[in-house]
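One chain follows as structure tokens, the form predicted on its own.
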């Protein structure tokens, strides 16, 4: 029932937002406090239940039908829900200051909660029908939030591109779901995996066409949302055009929805050798890490640089998935999950820090930010910490997750993938350190000299997220323990319940 309770908290909160916004009138910016409080309440409620009741592996049926819509609150749900709520909480606080100059904030916060409701629902869905319903709630709200500032050309263009590409991905997932139901007669996770493994293990090759098609459609559909090669072209436009708190959500957690779909519904099938999906995953990891990394070297728009960096880090997550497929399911899944968390925190902090810079200076040009650390040290420090974590510098969370990723590749004897993971980390360090050097040691530009103070809510969001990153960096077992418990669920064959 924990899953139902959390969805009720966020669902009822979403429906009440327009009502509260109506009564607040000109003070609708105060909705940010309400949205942040809902995230905090959900987090506290979850961990009180975990402490006193533990985590369940039994699905809860919302209703019984041919598709048997079901929710589950296992360690995979706990892991992704925690990541989503933390980033959603600090982004809501950041929005209080960053969005204070905007209009239609009631619509903004309603869509914000709808997107978060969709993401939390995805982490708890135990069947493809329920998963797709929450997937569309997340996707539709994110399209609108990217184009929220519709009076400007860039957000509208980026929103349309995002809508078209992500819509195609959703259609492919829906087609895979229809094929799955036609083949199996059920959309429940355990029955899907049991049937797929049985037919792969014992059927002749002519019977594998439909299973291979289903897996391919899911990999492409989820891959468009996850933005791995070659489906990442929407991301460098959408993330810079969106308001910075939304950029933090898109890059930190929304693209992880695709990774969640792959890990929950595809990984247990990919591990079966006859399907031979290892080489494509191997190639995807290499291309997703390397190509955007090179493009990032040429960026002057700091939000585009961070957007390309997000694609690179999806490539790192694919290292763990490749290790999973090539014989190290426990270490591979745990490594990927660890990097999901560290990247969500690092990239969330990065985009929120850039949001503070845009609030103070109204520019995204890196050349205009030279010397920022001398005048506005808090925002510059937050951006630097985010970049250093993304670069994999100890003792920040990015170091621990990348270390486990390389270890999982070595454990699976994926030597080239391990080498290229280290190589791309070093390549990313070059432009991260270059940026930090200019922020702290270059002479302040005219824009920096005239930059005004950041809103207190922006500073509070940055300090909270910096504190969380320092805590996990110093005590990585907090991340590892949750990641390994979740990976134990993803690694073995789910049992029929």
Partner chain sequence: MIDILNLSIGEALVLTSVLLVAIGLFAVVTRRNLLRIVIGIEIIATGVNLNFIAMSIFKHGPYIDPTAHALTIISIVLDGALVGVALALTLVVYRKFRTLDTDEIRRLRW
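Numbering follows the first chain given and starts at 1. Since we're looking at a predicted model, the values are computed, not measured.
Keep in mind that the form predicted in complex with the partner chain is not shown, yet the notes after this line are about it.
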- Message: in the predicted bound form, is there a heavy atom of the partner chain that lies within 4.5 Å of any heavy atom of residue 175, even though the partner is absent here?
- Response: yes
- Task: Flag residue 411 as yes or no: does it have a non-hydrogen atom within 4.5 angstroms of any non-hydrogen atom of the partner chain in the predicted bound form?
- Result: no
- Taking 4.5 angstroms as the cut-off for heavy atoms, does residue 167 touch the partner chain in the predicted bound form? yes
- Query: Can any non-hydrogen atom of residue 190 be found within 4.5 angstroms of the partner chain in the predicted bound form?
  - Reply: no
- Message: Between 287, 378, 294, 156, only one gets a heavy atom within 4.5 angstroms of the partner chain in the predicted bound form; which residue is that?
- Response: 156
- Note on the structure: Residue within 4.5 Å of the partner chain in the predicted bound form by heavy atom, from 407, 179, 212, 330, is 179
- Task: Please state whether all three residues 303, 427 and 454 have a non-hydrogen atom within 4.5 angstroms of the partner chain in the predicted bound form.
- Result: no
- Partner-facing stretch of 78-86, 383-391, 126-134, 259-267, counted where any non-hydrogen atom is within 4.5 angstroms of the partner chain in the predicted bound form: 126-134
- Query: Out of 139-166, which residues reach within 4.5 Å of the partner chain in the predicted bound form, heavy atoms considered?
  - Reply: 140, 143, 144, 147, 150, 151, 152, 153, 154, 156, 157, 159, 160, 163, 164
